[in-house]
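Okay, here we've got a single chain as structure tokens, the form predicted on its own, with questions on binding and movement later.
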Amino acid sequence: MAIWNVSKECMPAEDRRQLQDARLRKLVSRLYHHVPFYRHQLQELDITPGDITSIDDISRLPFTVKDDLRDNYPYGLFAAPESEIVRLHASSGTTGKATVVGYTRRDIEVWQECVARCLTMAGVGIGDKVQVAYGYGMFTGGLGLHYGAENLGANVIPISAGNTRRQLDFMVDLGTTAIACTPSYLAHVMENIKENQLEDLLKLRVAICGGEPWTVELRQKIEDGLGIELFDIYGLSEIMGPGVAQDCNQHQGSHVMDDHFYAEIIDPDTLEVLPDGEVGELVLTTLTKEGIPLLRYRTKDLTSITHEACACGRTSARISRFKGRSDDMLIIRGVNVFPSQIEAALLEISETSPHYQILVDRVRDYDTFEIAVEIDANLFSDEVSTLEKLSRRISETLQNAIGLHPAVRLVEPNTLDRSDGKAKRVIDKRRLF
């Protein structure tokens, strides 16, 4: 067990830079000598480990993309022998072959430390009961939060995802004070709490949410509905899992654990590094990973970065709330649309819920665009004209937000599929052709 202070996150900039310099040099040497894929990449660029002397040299190094992991499936990018790998995780592989990642014992220790730091930022500590409602197994969410919370000294309730009735029973009976799950699932839990009138029986005060993009509006809706504070944890299995970054109680961007992960923002088209404040694609380098270290991994997540010290006292780099993913962007009738834009617009309307679905199809070379959104069941007892007015108001709000007039289909609560993990927000049938 470890009790975390914020000394590593508040170190002076010069000390941080020297640490990153040393760790990048060690990383490049490790990759060059132990991973043929990277050795070939560096030789193609006429780079030897001795050429990399400081973190400023990182822009000379090649990028890594998800297909590189798939092409070298399962162990081709590992930098440690299998005898030193103590755990394997993998992505779902729903958009292609799964990506497999391996952890040495030291990697697991770093992961635990990073998650413990994140929980500390959320005010979680000894005496808290943390209900981990992320999925366990090959997905990194469940075990990542589990071991991080244990490392911090908290009491872990490893319930995993799903079985919402049981989740509620344990929250009440065991006195859960913190829950870790996806934000869309927490919205579903909130609905069930209200339906069963359990608000006054709960001790819940904090939620650690991640695993999918979500908006400020959804955060506010859940915080207001449950009277708790939400924290946005970020991670991805290729880099480590949850714990790469999280926001503090200032909620002015997520602090990157940049003694372990170096963050850059690039223009996804030109691949040029962008200055602080400009939105682009997040690129991460694992400075201390032993099992499967990665150089300049392109996450596809769109955000901006700042290196200004936070009001909380931490000096680590901060990334802003994600604008979406470059590969999640929809192009509908020539207009670029992100699901997060639609969610933010819908949650401006009091009659709507956080549950919606975007349906895109193509009929005779013309894109059709529909939004199905759940509304209060009582509204269906109103006159048809009232529902028609609400549909028009929703459509006009979305027109102002994204520049398109979608068809709006109002549905009763619990009509749309619920997910125990990441919400299925988009059905794009055009991709089937």
Partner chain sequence: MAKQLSVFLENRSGRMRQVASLLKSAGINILSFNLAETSDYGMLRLMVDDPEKGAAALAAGGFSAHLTDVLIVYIPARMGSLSELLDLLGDTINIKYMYPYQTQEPNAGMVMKVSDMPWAEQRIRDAGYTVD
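Positions refer to the first chain, counted from 1. Just so we're on the same page, rigid core means the largest C-alpha set that superposes within 1.5 Å between forms. The structure presented is a predicted model; accordingly, all values stated were derived computationally and were not measured.
There is another form of this protein, the form predicted together with the partner chain, and it is not shown here; the text below is about that form.
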4.5 angstroms heavy atom contact with the partner chain in the predicted complex for residue 415: yes
Close approach of residue 401 to the partner chain in the predicted complex, 4.5 Å, heavy atom: no
Tell me, yes or no, whether residue 46 is in contact with the partner chain in the predicted complex, where a contact means a heavy atom of each within 4.5 Å. no
Please run the contact check for residue 411 against the partner chain in the predicted complex: heavy atoms, 4.5 angstroms, yes or no? yes
Looking at 388, 396, 56, 67, which has any heavy atom no more than 4.5 Å from the partner chain in the predicted complex? 388
Interface check vs the partner chain in the predicted complex: of 35, 52, 375, 42, the one with a heavy atom inside 4.5 Å is 375
Need the contact residues for 204 to 236: heavy atom within 4.5 Å of the partner chain in the predicted complex, sequence order, or none if there are none. none
Can a Cα shift of no less than 2 Å be assigned to residue 35 between the shown form and the other one, given superposition on the rigid core? no
When the two forms are laid on each other by their rigid core, does residue 412 show a Cα shift of 2 Å or more between the shown form and the other one? yes
Quick read on residue 188 and residue 407 CA atoms in the predicted complex, 3 Å or more from the shown distance, and they're closer
